[in-house]
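Okay, so we've got the same protein chain twice, two forms, each given alone as C-alpha cells, structure 1 and structure 2.
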Structure 1
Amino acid sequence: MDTIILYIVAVAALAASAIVSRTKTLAALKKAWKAFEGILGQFLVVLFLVAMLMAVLDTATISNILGEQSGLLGILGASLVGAITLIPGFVAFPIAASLLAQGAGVTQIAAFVSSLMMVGVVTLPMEIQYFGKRSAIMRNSLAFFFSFLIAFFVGWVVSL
C-alpha cells in the first residue's frame, strides 16, 4: 500500500512540474533516464550475482553463515565483506532485504550495510591520493569500528 501511495505522489509531482514548466520537466526526465542507463549495468550485474548466490546457497546455509546464531564471527564476516565490496546503496538495501528473508540476522546485515556504506577498501588508494595516507586510513578504521557499533545498536533496537 505504501508503494502505491509513493507512486501516486511521484506522478502527481511530475504532473505539477509539467504544468509549471514543460521544457524543464522534459529536461529533468532526460537526465533521469541517462542516470538510469548509467546505473542499470551495475544493477543488473549485482542482481545476477545475488541470484546466483541465492541459487547456490540455501536458506540453511545463509542462516548458518549470517544468522543470529553465527554471533560475533558472523558480524565480523559480514562487516569485512561489506568493507571490501563496492556496491551502491540502491543495490545494497534490496540485497540486505533478500538476505534477511533467507534467514540472515539483523545485526549481521546491519554490519554488512553499515560497513558497505562507510568503509572503502576498494577506493582507499584514491582516498589516500586526495586526503593523505594517515587521514584515509584513520577514516576507514574509525568507520569500520563504528559499523560494529551501528550493527549492535540496530540489533538491540530490533530486539526491543
Structure 2
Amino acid sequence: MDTIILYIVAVAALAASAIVSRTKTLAALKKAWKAFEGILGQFLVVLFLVAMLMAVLDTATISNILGEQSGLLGILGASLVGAITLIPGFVAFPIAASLLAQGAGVTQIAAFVSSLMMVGVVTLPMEIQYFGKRSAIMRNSLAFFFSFLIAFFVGWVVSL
C-alpha cells in the first residue's frame, strides 16, 4: 500500500519536473543513479548478511527466543534479537501478535519491536558511510538503550 503511494508521488514529481525542465529532470535522474550506484556495494553486503542471518535465525528460532525467556534477561534477549535482525513490520507485527497470544510478555515484545525498528547492526556499515562512525554508532547505541525504556513504558501502559 505505502509502496504504491510512494510510486505515485515519485512518478507525479518526475512528470511535473519533466514538464518544467527536461535538462533538470535528466540531471536529477543522473544524480539518483549516481547516489544508487555509490551505495550499491554496501547494499549488496547488507543483503547477503541478512540472508545468512535470517537463514540461521529464522522466524521459528526468533519466536523461541522471544517466547520462552522472561524477566530482564528476556527483555535483553528480545532487544538483541531486534537489533541484529532486519524484518519488515508487516512480517514482524503478526509474529509479535501470535507470540503475545501464546503468552509472551508485553515488555519483551515491545523491546523486540522497538529495537527491530530503530537499531540496525547489519546496516551499520552503510550508516557509517553516510554519517560517519561516531554518529552512526551513537544513534544505534542510544536507540538500543531507549528500546528498554520504551519496552518498560509500553509494558506498564498495557498492564494498566
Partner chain sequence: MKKGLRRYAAAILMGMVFLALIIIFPDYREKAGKSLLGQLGTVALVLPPIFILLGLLDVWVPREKMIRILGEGSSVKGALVAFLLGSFAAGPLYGAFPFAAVLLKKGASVFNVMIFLGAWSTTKLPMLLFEISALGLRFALSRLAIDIVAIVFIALLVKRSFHEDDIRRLQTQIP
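By rigid core we mean the largest C-alpha set that fits within 1.5 Å across both forms. In this text, all values refer to a predicted model and were calculated from it rather than measured experimentally. Start at 1 and count along the sequence of structure 1; that gives the residue numbers used here.
Between structure 1 and structure 2, the form predicted in complex with its partner chain: The chain shown second - structure 2 - is the form that fits the description.
- request: Could you check whether the CA atom of F131 moves 2 Å or more between structures 1 and 2, using the rigid core for the fit?
  value: Shift of 2 Å or more: no.
- request: Please check if V20 moves between structures 1 and 2, taking a CA shift of 2 Å or more relative to the superposed core as movement.
  value: Yes: V20 shifts by at least 2 Å between structures 1 and 2.
- prompt: Any chance the CA of L149 moves 2 angstroms or more between structures 1 and 2, core superposed?
  reply: The answer is no, as the C-alpha of L149 shifts between structures 1 and 2 by less than 2 Å after core alignment.
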